[in-house]
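The chain that follows stands alone, in the form predicted on its own, written as structure tokens.
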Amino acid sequence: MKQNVPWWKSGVIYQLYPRSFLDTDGDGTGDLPGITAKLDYLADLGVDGIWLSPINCSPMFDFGYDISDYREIDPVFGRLSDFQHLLDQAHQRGIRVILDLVVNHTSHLHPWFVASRASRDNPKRGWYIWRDGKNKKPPNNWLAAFGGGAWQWDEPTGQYYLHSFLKEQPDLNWRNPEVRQAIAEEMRFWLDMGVDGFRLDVINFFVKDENLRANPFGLGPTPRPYDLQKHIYDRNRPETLDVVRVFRGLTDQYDDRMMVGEVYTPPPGDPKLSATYLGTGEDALHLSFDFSIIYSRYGAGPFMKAASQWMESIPWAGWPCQVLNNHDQPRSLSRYGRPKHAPGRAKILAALLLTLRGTPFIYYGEEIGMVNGRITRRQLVDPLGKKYWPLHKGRDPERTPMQWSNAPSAGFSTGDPWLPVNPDYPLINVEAQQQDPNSLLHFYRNLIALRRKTPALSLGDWQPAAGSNRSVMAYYRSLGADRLLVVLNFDASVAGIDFLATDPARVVFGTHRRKGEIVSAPRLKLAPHEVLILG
């Protein structure tokens, strides 16, 4: 049965922020040879795929999310031959490779935009969204996601162009069939090379309202300084799903490829919206990110609510994915850790991620318990942090270099790292945890291995257990006759749960009990931060 299951459905995917993973040439920035050098580490961890944040040519106004050439590798990361070598070596180890596809916008230095900007009658003018102003003001009131207006005046041609993010990131016009065809050709270039899929950046931004109607302003407190509007007309347009379906048709022409989409929503998230981009489950995205769990408060109740809403939103033929960290959000242990409880909470969060129904995405360093780095204002490089400090300190803290060892710069580089290494690296690093069988790294490895050999965990149904309460989150994972009960105590104190099994259960995996131990008491007492899987 498992042989017919797509790899992206049963596997575990690891997100790499390439400039922070490993630097091999001493310039302080991670590179493709660095990723290749650590493929054995990733294979030993047990992941089935790696997603690389953008590595294409870019002037780096937004650190790669402003692409100037979709078919070339930026020199800071290496050459195209380095990527081909990485792809080959990853495939030899059974690891798939997913690239970030950033196509809501390009760089303002992309040749398409340079041509579009050249004159009003240039053939590529319609590849971007240009409009006259109104009474010497922008065409409408749309705001950019990074703050300020979303329209930039262009003096030479006397019009405004739209940018949903930085002014150096002009939006493509997805209503133009030439744009759709051009992006399809860029996708084919990488699919023909052997890339296993794409992560689609801010996919719900693609198509804008045809009449550019003004957005209403939101009411009440706003979760971010740049989310002041109800983005009715510049996001989540129904026509975007048509674009996604075309992408799905293209991707499905190749064997065993996939797409995962970032459906950006501000807190508290919107699982129904994220699920929309799965279509029927067979005609749109293969996977869609929902950030409800990332946005949740720590606790059994909030996580159970978020997980339940996400599961209920998935179409019958669709498949969820799960994520606790990424390059845009503070690391989970910084959100939830509380230093004295961090070790216990780290294992609870790992167990939650790896036992919920759906494909888990692990963010680099999550498996060793990395926390947000300490970045001073002087050290900031993220444009978002520079603009909003100290109200919003930017995304640099979750992008600090991977902590490989207690060597200088945590073994990341022999040069001066592009961001400062977190000062906790002498204690929190891969080398130290490899030598400790009770470490978080070993916990991840063991739980990933259990997923791999237990179809009920990797592919089974999900059902909340009736005994769940404010301290304990419990749920069943079942496939055919196989059924497991996952029990997680989120509290730092002893907690109890009614044990509803009619027959004694056996410990399959846990933090406080021996494998094979029989559990049969009518009420189960759980140690602080106990992880328990019964079968």
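Values in this document were obtained by computation on a predicted structure and should not be read as measured data. Residue positions are given as counts along the sequence shown, with the first one as 1.
The discussion below concerns the form predicted in complex with a small molecule, not included here.
Residue-level contacts in the predicted bound form: of Thr265, Thr276, Gln433, Gln169, one residue has a heavy atom within 4.5 Å of the small molecule, and it is Gln169. None of Arg237, Arg96, Arg395, Arg117 but one reaches within 4.5 angstroms of the small molecule in the predicted bound form through a heavy atom, and that residue is Arg395.
The closest non-hydrogen atom of Asp328 lies within 4.5 Å of the small molecule in the predicted bound form.
Among heavy atoms of Asp48, none comes within 4.5 Å of the small molecule in the predicted bound form.
The shortest heavy atom separation between Trp151 and the small molecule in the predicted bound form exceeds 4.5 Å. Proximity of Val202 to the small molecule in the predicted bound form: non-hydrogen atoms within 4.5 Å are present. Residues with any non-hydrogen atom within 4.5 angstroms of the small molecule in the predicted bound form fall in just one of 368 to 376, 118 to 126, 386 to 394, 161 to 169: 161 to 169. Although the partner is absent from the chain shown here, Asp62, His105 and Arg399 each have a heavy atom within 4.5 Å of the small molecule in the predicted bound form.
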